[in-house]
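Listed next as structure tokens is one chain, alone, in the form predicted on its own.
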Amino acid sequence: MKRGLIILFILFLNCPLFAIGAKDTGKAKSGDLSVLVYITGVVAGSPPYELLAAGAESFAAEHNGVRVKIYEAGFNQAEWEEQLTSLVASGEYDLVLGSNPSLPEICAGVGEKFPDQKFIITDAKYEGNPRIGTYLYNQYEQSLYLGYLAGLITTSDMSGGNASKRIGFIAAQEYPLLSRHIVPGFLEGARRADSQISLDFRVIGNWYDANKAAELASSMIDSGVDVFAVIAGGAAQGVIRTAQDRGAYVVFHNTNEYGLAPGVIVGCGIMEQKKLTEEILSDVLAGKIRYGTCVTIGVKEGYLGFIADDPGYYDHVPAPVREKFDSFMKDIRAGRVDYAIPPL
């Protein structure tokens, strides 16, 4: 009887159920995680993608067992779902991580074929799908304060300004977040500086044609625009070049670009995409991610801001303009600026 019990105990230790439990425990301890960073475009020239990739690679470098693959899907959106399906079909990745407002719907389609696959998308809003978690930057808020700065500049006596009270926005393509949050927020912010300011909005049609972007910028300057916002990936170089040649100004979303054109780029917002990426991956390892939900983050939460401690700002923007803008930013951080975010 005793010998039989010993044999049964040995068999229990070696049965598949026990082996699976041991494997799961080892995975949690070592932090095993395979991440596909799916870039809908290319990394170079796109601050959100550069920061997403940098955050994932930095996290992997500091955590044994975390493996990261950066995949650039290119600019043909019609190919994105097929590419992602092929990558996910390999079964290699525990998590697909991306950053694009249109990506959650693509992931939802792919997830129907691979129900165990998990996706996390930043700069997007999507709720109700148990495979997908999203984080939405409050881009209306960022555009509001950058627009306010643009409004102060266009109504100032800075050398590149004019009397037209006309600002410009050049985008690579239209998408809901841009059309409903970013552009309207920019105009509202500018009109808080002067209610008579108008906005000239143009679309390039892609994320790479710097020559077309330059042509649009030149035409807009001819119509009276003296301050630009631009969200256009690599094509933004055309706007910057034209602003340099013709004495206009540029404010930038999401990243520090003062060094590209000192005295021309006179304001830069910051999106803490790298920090958010690292925190997301940390939460994935800890099992803290809530899929099926969207988390909205902005200035108050520490994921959006403005870079004021750079000579590109304080050496080229006059003190009276800086004082008004800095006061506005303090009110934003303190939650004293009232605004309504339009629905997406």
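Residue positions are given as counts along the sequence shown, with the first one as 1. Keep in mind that this is a model prediction, so the values were computed, not measured.
What comes next is about the form predicted together with a small molecule, which is not displayed.
4.5 angstroms heavy atom contact with the small molecule in the predicted complex for residue 162: Contact check for residue 162: no, nothing within 4.5 Å of the small molecule in the predicted complex.
is_contact(residue 231, the small molecule) in the predicted complex, heavy atom dist at most 4.5 Å: Residue 231: contacts the small molecule in the predicted complex.
Touches the small molecule in the predicted complex: residue 98 (any heavy atom, 4.5 Å): Flag for residue 98 set to no.
Residue 87, heavy atom within 4.5 angstroms of the small molecule in the predicted complex: Looking in the predicted complex, residue contacts with the small molecule do not include residue 87, since no heavy atom lies within 4.5 Å.
In the predicted complex, the one of 77, 179, 223, 196 near the small molecule [non-hydrogen atom within 4.5 angstroms]: Of the candidates 77, 179, 223, 196, 77 is the one lying within 4.5 Å of the small molecule in the predicted complex.
Stretch from 144-152, 87-95, 171-179, 126-134 whose residues place a heavy atom within 4.5 Å of the small molecule in the predicted complex: One stretch meets the cut-off, namely 171-179.
Candidate site 156, 263 and 325: all three near the small molecule in the predicted complex by heavy atom within 4.5 Å: The answer is no; none of 156, 263 and 325 reaches the small molecule.
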